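Only one chain comes next, encoded as structure tokens, the form predicted alone.
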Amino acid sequence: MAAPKDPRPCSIADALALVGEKYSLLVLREVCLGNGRFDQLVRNIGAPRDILATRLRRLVDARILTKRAYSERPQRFEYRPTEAGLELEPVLMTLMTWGDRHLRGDEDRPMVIEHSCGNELVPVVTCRACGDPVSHEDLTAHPQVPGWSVAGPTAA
């Protein structure tokens, strides 16, 4: 079978096209932590200024961040997450937990996030309908795009 000219339609791929660029999720991390000024972002992320400026423009254009002037002379801006940006925060928390567990070890964590209940946040994906934690074994994919199955493109 010949390779399809287009890859599988996928919301994960669409999201990664936007936030999967180097530094984009780190920008979102810092903005969610309240560090939305350009100099703070440069210092805390370590990205080159020109690349950081490009990422910020793209995230603002995609309505993940807002840009607001905090100084007129010289003109300076700060960035804040929009509702769409805040919806990515659980993704960041889950990714951080995965990194702590699989890349650093629980003893070498650079940051701990505390929930408003006073306990350390340990994110868990749950089913909205039944409330049960989700595991791989609980999932069944149902492709919604005509011409695609779980295994790939179907014959026309």
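For every residue, the number given is its place in the sequence shown, counted from 1. None of the values given here were measured: they were computed from a predicted structure. By rigid core we mean the largest C-alpha set that fits within 1.5 Å across both forms.
We do not show the form predicted together with the DNA, though everything after this point is about it.
K.L.:
Go through 50-58, 83-91, 121-129, 105-113 and give me the stretch that gets within 4.5 Å of the DNA in the predicted complex, heavy atoms only.
P.N.:
That would be stretch 50-58.
K.L.:
Hey, in the predicted complex, is residue 70 touching the DNA, heavy atoms inside 4.5 Å?
P.N.:
Yes, residue 70 lies within 4.5 Å of the DNA in the predicted complex.
K.L.:
Would you classify residue 23 as touching the DNA in the predicted complex, given a 4.5 Å non-hydrogen atom cut-off?
P.N.:
Yes, contact at 4.5 Å.
K.L.:
Using the partner position in the predicted complex, report whether residue 29 sits within 4.5 Å of the DNA, counting heavy atoms only.
P.N.:
Looking in the predicted complex, residue contacts with the DNA do not include residue 29, since no heavy atom lies within 4.5 Å.
K.L.:
Comparing between the shown form and the other one on the rigid core: C-alpha of residue 72 shifted by 2 Å or more?
P.N.:
Shift of 2 Å or more: yes.
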